[in-house]
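Coming up is one lone chain in structure tokens, specifically the form predicted on its own.
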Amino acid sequence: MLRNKKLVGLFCFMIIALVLTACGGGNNAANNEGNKNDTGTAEGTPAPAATEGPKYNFRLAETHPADYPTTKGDMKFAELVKEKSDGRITIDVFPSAQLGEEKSAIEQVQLGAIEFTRVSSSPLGEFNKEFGVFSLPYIFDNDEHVWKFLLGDAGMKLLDSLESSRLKGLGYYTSGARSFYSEKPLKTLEDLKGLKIRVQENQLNIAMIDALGASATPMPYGEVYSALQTGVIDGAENNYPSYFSSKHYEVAKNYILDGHQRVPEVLMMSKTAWDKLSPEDQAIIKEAALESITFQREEWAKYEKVSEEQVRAAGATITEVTDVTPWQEAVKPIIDANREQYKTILDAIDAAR
């Protein structure tokens, strides 16, 4: 009897164990299904890592010092690129011509030896003839006029035309307006007659000086201060910040604001390096360049204001030209001689007026 009770007990135990095992297995299966993540893998199993884009470290050549508005624009551009790429793309800015002067930097960017540079559109005209249009005098009325053109369709097409020169135009920066200064009084156009004026070695600049009745004297920028001081030249021309930072106001205290040229700066990239980027990274670079323009213009405006205050405080005589018509009439033959070559661009500039 006892033996039969033991057998019945053992049988009941086995039945209960089987039931519990079945229930436990069902619960585990349900739990595993419920704990799967969106990729269909069970919790605890690592999901495949998201594919990261390639990492880049680029260089940007800049001729101006670190505290200059264009260099600050470069740095803002680099900051935006790093931010938009989550740190994948970094750009080191090399100011003060560490990687070469502008012409040399352009050549290196063409070859892909340097990925980025910021240069004046004046030397850029040697690599793309259409950019020579900015050396023509008095084609812009004011800052609003030049930016309406630069940020319009025609200005963007001009940037795109750099691709034929193995360069990728990304955006424009401002460099203000260029005006004349001299150690002799400058109140009117007539006061320029016969003066020896230093200019950049550019045929359009030389023609402009001749048309205004002065004598053009091409000369390296670094020699201008001593040439003014010793009387080798009577005057020169440049924007407010350069007039101040070069200390030319110390030896040429008369500055006449005729605004004969508004030569924009150009931020650009090697076409070779650009073509290696994915469309997504190209969009990041372009977007950051365009966003940095506002910052650079604001920095320029602040620096320009400080420059004006400093040269006035130092005793410079500033004369504003209220009627530029006589100046425009004097250089009209230059515009007419080059209108056919730059017709499309000049028409777009006129339309933006």
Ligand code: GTR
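Heads up: residue numbers just count along the shown sequence, starting at 1. These figures come from a predicted structure and were not determined experimentally. Definition used throughout: the rigid core is the maximal C-alpha set that superposes within 1.5 Å between two forms.
Heads up, the form predicted together with beta-D-galactopyranuronic acid (GTR) isn't pictured, but that's what we're talking about next.
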{"query": "Site check 59, 104 and 270: each within 4.5 Å of beta-D-galactopyranuronic acid (GTR) in the predicted bound form by heavy atom", "finding": "no"}
{"query": "Sole residue of 260, 72, 198, 168 within 4.5 Å of beta-D-galactopyranuronic acid (GTR) in the predicted bound form, by heavy atom", "finding": "198"}
{"query": "Single option in 242, 128, 202, 254 placed near beta-D-galactopyranuronic acid (GTR) in the predicted bound form, where near means a heavy atom within 4.5 Å", "finding": "242"}
{"query": "beta-D-galactopyranuronic acid (GTR) contact at residue 217 in the predicted bound form, heavy atom, 4.5 Å", "finding": "no"}
{"query": "Residue 64 within 4.5 Å of beta-D-galactopyranuronic acid (GTR) in the predicted bound form, heavy atoms", "finding": "yes"}
{"query": "In the predicted bound form, residue 182 touching beta-D-galactopyranuronic acid (GTR) (heavy atom, 4.5 Å)", "finding": "no"}
{"query": "4.5 angstroms heavy atom contact with beta-D-galactopyranuronic acid (GTR) in the predicted bound form for residue 115", "finding": "no"}
{"query": "Interface segment, criterion being heavy atoms within 4.5 Å of beta-D-galactopyranuronic acid (GTR) in the predicted bound form, picked from 158-166, 135-143, 275-283, 117-125", "finding": "117-125"}
{"query": "Heavy atom within 4.5 Å of beta-D-galactopyranuronic acid (GTR) in the predicted bound form - qualifying residues of 216-231", "finding": "221"}
{"query": "Did residue 152 shift 2 Å or more between this form and the one not shown, C-alpha, core superposed", "finding": "no"}
{"query": "Threshold 2 Å Cα movement between this form and the one not shown for residue 262, core superposed", "finding": "no"}
{"query": "Rigid core superposed: residue 177 CA moves 2 Å or more between this form and the one not shown", "finding": "no"}
